[in-house]
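Encoded as structure tokens, the following chain is the form predicted alone, with no partner shown.
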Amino acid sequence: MNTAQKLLVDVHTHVYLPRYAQLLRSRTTAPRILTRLSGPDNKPEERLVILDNEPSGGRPVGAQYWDRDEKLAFMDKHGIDISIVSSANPWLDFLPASTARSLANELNDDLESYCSTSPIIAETRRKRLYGFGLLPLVPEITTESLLDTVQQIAALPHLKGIIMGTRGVGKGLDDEALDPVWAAIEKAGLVVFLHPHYGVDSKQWGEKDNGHVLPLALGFPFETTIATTRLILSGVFDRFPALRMLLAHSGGALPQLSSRLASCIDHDPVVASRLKHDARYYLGRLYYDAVAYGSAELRFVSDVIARSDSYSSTAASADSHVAPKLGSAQMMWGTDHPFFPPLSNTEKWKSVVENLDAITGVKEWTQEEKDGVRGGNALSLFNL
């Protein structure tokens, strides 16, 4: 692997662009940024409230959420060469269609400027920052508007994909109304970064105060698991086989449940004949961030990906001497910055250290495979 392929690339890192943060400050209901007095000195402190009834009245926010110099300083501190930056949830979900459309176009231009004017890595033509654009995926938006925005993103050279929540235009991502959008994204060669926001019904967490733990540790990954499964069941990956989708948080629980999913499909006449392949095949058509915090988890996801070709409908006639696809090649590192900061300014972020240690700790991976997950795979996926 050459020097360029050994670059450290962060594919899961967020920004609340100044235009977006200002909109959140103007709101009186979630999502919003509010100011309250905090600490013994009663100093004003901004807090981000993403969902109603968040514990602790939201989370403290500051320049690291929107200032590009802060993003670059974080990258420098941790030796990160390139970041693929995405606007953070809840994106535009809470806006009416007309506002969402205009704001999406403005924020995409803002993100292009944010990335295109970033520093260049020495002795390469690569910028340090690239981005995922936004679609105005809200109810009542027209297909024409969505297709126009896909074309806008495709024409912006430093935007390499689209970050997307799970609601689509209101009915979820398996809604057939999105087929023209999937087709346009596939044709443009953009990567879809599927990221959760709503979790699952909060009543499932009970009355005991467990802070953010259950919604973040379980609710977010379960949301991704359900949304991706619905995409598989709807045949989206059969109709658009070249669609490239990156799943947050290593695909949630889907790798662990994929064989159970396949069995349930096989025994259900409603869907048994709907798909071209066994459900486990589709997991190999997806990409996964390596934000799992543990070596055993990364190894398991890699193994699930690697076996996927054996579940193709044509696997029986395939050459038995062909080696299985390398599972780690579909995985890439991320930090989830600026969330989960350390308690001390001098301390390194656990999301960086633990996720890098997890890659190092997969004993079954070669050094080349580990370098791929750290950065080489992302360079390839995003054509960098």
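Don't overthink the numbering: it's just position in the shown sequence, from 1. What you are looking at is a predicted structure, and each value in this text was computed from that prediction instead of being measured.
Absent from the display: the form predicted in complex with a small molecule. The rest refers to it.
Remark: all three candidate residues (L51, N89 and D336) come within 4.5 Å of the small molecule in the predicted bound form, counting heavy atoms only. Only one of the listed residues (L216, I121, A177, A188) places a non-hydrogen atom within 4.5 angstroms of the small molecule in the predicted bound form, and that residue is L216. The partner is absent here, but in the predicted bound form a heavy atom of F220, alone among F220, F300, F237, Y311, sits within 4.5 Å of the small molecule. Residue contact check for K370: none of its heavy atoms lie within 4.5 Å of the small molecule in the predicted bound form. Taking the partner from the other structure, the small molecule in the predicted bound form has a heavy atom within 4.5 Å of a heavy atom of H195. Taking the partner from elsewhere, R59 is found to have a heavy atom lying within 4.5 Å of the small molecule in the predicted bound form. Considering the small molecule in the predicted bound form, the lone stretch of 66 to 74, 355 to 363, 30 to 38, 337 to 345 in range is 337 to 345 [heavy atom distance within 4.5 Å].
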